[in-house]
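In structure tokens, the next block holds one chain alone, the form predicted alone.
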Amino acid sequence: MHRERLENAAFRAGYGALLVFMLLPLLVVVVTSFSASGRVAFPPDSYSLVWYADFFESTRWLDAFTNSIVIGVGTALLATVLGVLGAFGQELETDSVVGSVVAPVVLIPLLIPPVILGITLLLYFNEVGLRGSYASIILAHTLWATPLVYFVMRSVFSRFDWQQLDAAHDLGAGPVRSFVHVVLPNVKHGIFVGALLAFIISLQEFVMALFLSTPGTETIPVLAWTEIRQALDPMVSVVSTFLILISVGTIVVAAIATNLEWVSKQLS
């Protein structure tokens, strides 16, 4: 009993230290965003919402925010389609040579240093005339987001009852109809979670956006980097706070969706 109490205390201490280590920097950023002065200090000398007001009055920041949302939504849509189809095909071809090759290939974008990938994509999009467009950044972010969606969906498909697909085929349904009416409804929560993860990845990605963006497609991280190089003021903390809130909100929505799926299965 005494040993068990020591183990529980050690676990709780380690768990608490981990939470503090992860959350304390975020708390500092949020607090400094309410500074009334023109410099970043913790704790601030005085508190105000003046930097939040400046953010909503700044056309450049709002344009960058809009660009990030547009690129994030485009990335989520494209990465989700590719990730779902890739994971589905992998499950169907598990025992084949092609199936054994797909998983390592999907990992390649995650193994290449972002700087190298950014330079490579810059040269490529310059050649094909896409640099400076939303499409170039969406395609670049999709390279990073698709593997995450793919592995989320591999986990979801591993729990899928494939006998339902066989039954649909036996009843005369074609491959497309079976996929749309049998597979998708059963994995829709996993698709939703994968799309949210892809959106977050795109929203916070910096290196490739730095290489590929132009003033018309500047994203929030790129603009924040540009501003920091000139002066470090609480506006950067305001922008960081918005990104934190969006990321945390997305995770909460994904967790709720996952739990709702679990609850519905328990009740069915």
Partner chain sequence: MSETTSLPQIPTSLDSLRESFAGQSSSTRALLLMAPLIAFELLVFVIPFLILLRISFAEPSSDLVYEPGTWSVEAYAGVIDNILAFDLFWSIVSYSFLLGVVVTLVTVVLALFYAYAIWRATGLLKTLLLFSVVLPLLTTLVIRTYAFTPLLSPSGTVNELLLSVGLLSEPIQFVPSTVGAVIGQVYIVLPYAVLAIYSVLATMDWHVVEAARDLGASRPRSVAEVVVPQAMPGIIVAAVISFAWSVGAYAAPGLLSENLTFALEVERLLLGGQRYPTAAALSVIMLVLMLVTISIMFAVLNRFGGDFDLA
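For the two forms, the rigid core is made up of the largest set of C-alpha atoms that agree within 1.5 Å on superposition. Here the structure is a predicted model, which means the values were calculated and not measured. Positions refer to the first chain, counted from 1.
Below, we turn to the form predicted together with the partner chain, even though it does not appear here.
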| request: Would you please decide whether residue 73 lies within 4.5 angstroms of the partner chain in the model of the complex, comparing each non-hydrogen atom pair? | output: no
| query | Hey, in the model of the complex, is residue 253 touching the partner chain, heavy atoms inside 4.5 Å? | reply | no
| query | Taking the shortest heavy atom distance, is residue 181 within 4.5 Å of the partner chain in the model of the complex? | reply | no
| query | Can residue 63 be called a contact residue for the partner chain in the model of the complex at 4.5 Å between heavy atoms? | reply | no
| Within 4.5 Å of the partner chain in the model of the complex, do 49, 152 and 216 each have at least one heavy atom? | no
| Sequence-ordered list of residues in 118-132 near the partner chain in the model of the complex, where near means a heavy atom within 4.5 Å | 119, 120, 121, 122, 123, 124, 126, 127
| Does residue 245 move its CA by 2 angstroms or more between this form and the one not shown when the core is aligned? | no
